[in-house]
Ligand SMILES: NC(=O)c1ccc[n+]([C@@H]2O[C@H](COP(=O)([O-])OP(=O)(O)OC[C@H]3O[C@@H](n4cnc5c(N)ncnc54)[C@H](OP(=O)(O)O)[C@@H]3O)[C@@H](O)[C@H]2O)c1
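Presented below, as structure tokens, is a lone chain in the form predicted alone.
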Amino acid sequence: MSVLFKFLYSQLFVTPPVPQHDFSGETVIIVGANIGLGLEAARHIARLKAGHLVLAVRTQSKGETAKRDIVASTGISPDAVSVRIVDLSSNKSVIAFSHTIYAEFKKVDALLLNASILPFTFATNEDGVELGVATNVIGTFLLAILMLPLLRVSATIKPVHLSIVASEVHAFTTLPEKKHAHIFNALNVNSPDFERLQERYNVTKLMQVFIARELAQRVDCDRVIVNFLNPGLCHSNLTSTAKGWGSFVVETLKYWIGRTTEVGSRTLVHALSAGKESHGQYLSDCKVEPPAVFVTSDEGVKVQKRLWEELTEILENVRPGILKNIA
């Protein structure tokens, strides 16, 4: 089945089920929880009796607004919802956030990394790294690996979850930058190809799939289940910066076949409750699906190893000794 046909079939004929998992007593952290899919996933988890819900957001005021909305719509106690600040594009912010969580919580049962951006213009973070790569890849996995020790010790009765919101668009690229000696360096160049429709987003989503697969190989699923998911094309703020032809295409597709934000968020909640069969796997429509053909190809396997080696070198420079968190 072609990638396009699977995408259309899923959008038109598949409706993810309403989450029913009982989150009683569980501490759940959702990064990017003040709008869109993250907000609706947080609402579901609050409705499903979460012990404590942490809304990890970039702006305190927006986080507090989201908290009030969730409390009013679900009846969860305000004391069971916290707002904490993190910006995945900033390594300093990610490290500070991890310190905050370790200081305030003795356990974390689920961590949902859902703060990707879709850049349409070239910009860099405080360290001079292109924002899409800094946020969707480096910041995402910096936080994931920083949190692993706490996640691991939280798995006293059953495995905990580390879930990454990926995308079906990982199948729309084969990472052209792989032809360069250093992939991350090549991605940090403002090339004429940068502003092609979603090109950088597709690339970073493929990188997420590769790196999540590699990370899962190093993590014991009896303690931490690592999975990555595709929510489908949904109505959200992800494309708010789109412009020109790109904006027209994306908004037209969303209008005709886009899932509502609430329906799309069901896939996020499912990933946080999926069993060991989801470890190291790509989830789509709330079930395990094979990733793009390129991912498991001979070339893809080599690219996956290269990306892991490059990323871990970057993370070691950011936080010396961080790789010990994986063991």
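One-based numbering along the sequence shown. Keep in mind that this is a model prediction, so the values were computed, not measured.
Although it is not shown, the form predicted together with the ligand is what the next lines describe.
S.K.: If we take heavy atoms and a 4.5 Å cut-off, which stretch out of 69-77, 150-158, 225-233, 171-179 is in contact with the ligand in the model of the complex?
M.R.: Residues of 225-233 come within 4.5 Å of the partner.
S.K.: Go through N125, N202, S116, N91 and name the one with a heavy atom inside 4.5 Å of the ligand in the model of the complex.
M.R.: Going through each option in turn, the one that passes is S116.
S.K.: Identify, from the list I45, L37, L272, V54, the residue with a heavy atom within 4.5 Å of the ligand in the model of the complex.
M.R.: Exactly one listed residue reaches within 4.5 Å, namely L37.
S.K.: Mind checking whether each of A33, D87 and S167 has a heavy atom within 4.5 Å of the ligand in the model of the complex?
M.R.: Yes: each residue has a heavy atom within 4.5 Å of the partner.
S.K.: Please check if K287 has a heavy atom lying within 4.5 Å of any heavy atom of the ligand in the model of the complex.
M.R.: No, K287 stays farther than 4.5 Å from the ligand in the model of the complex.
S.K.: In the model of the complex, does K49 come within 4.5 Å of the ligand, counting heavy atoms only?
M.R.: K49: no contact with the ligand in the model of the complex.
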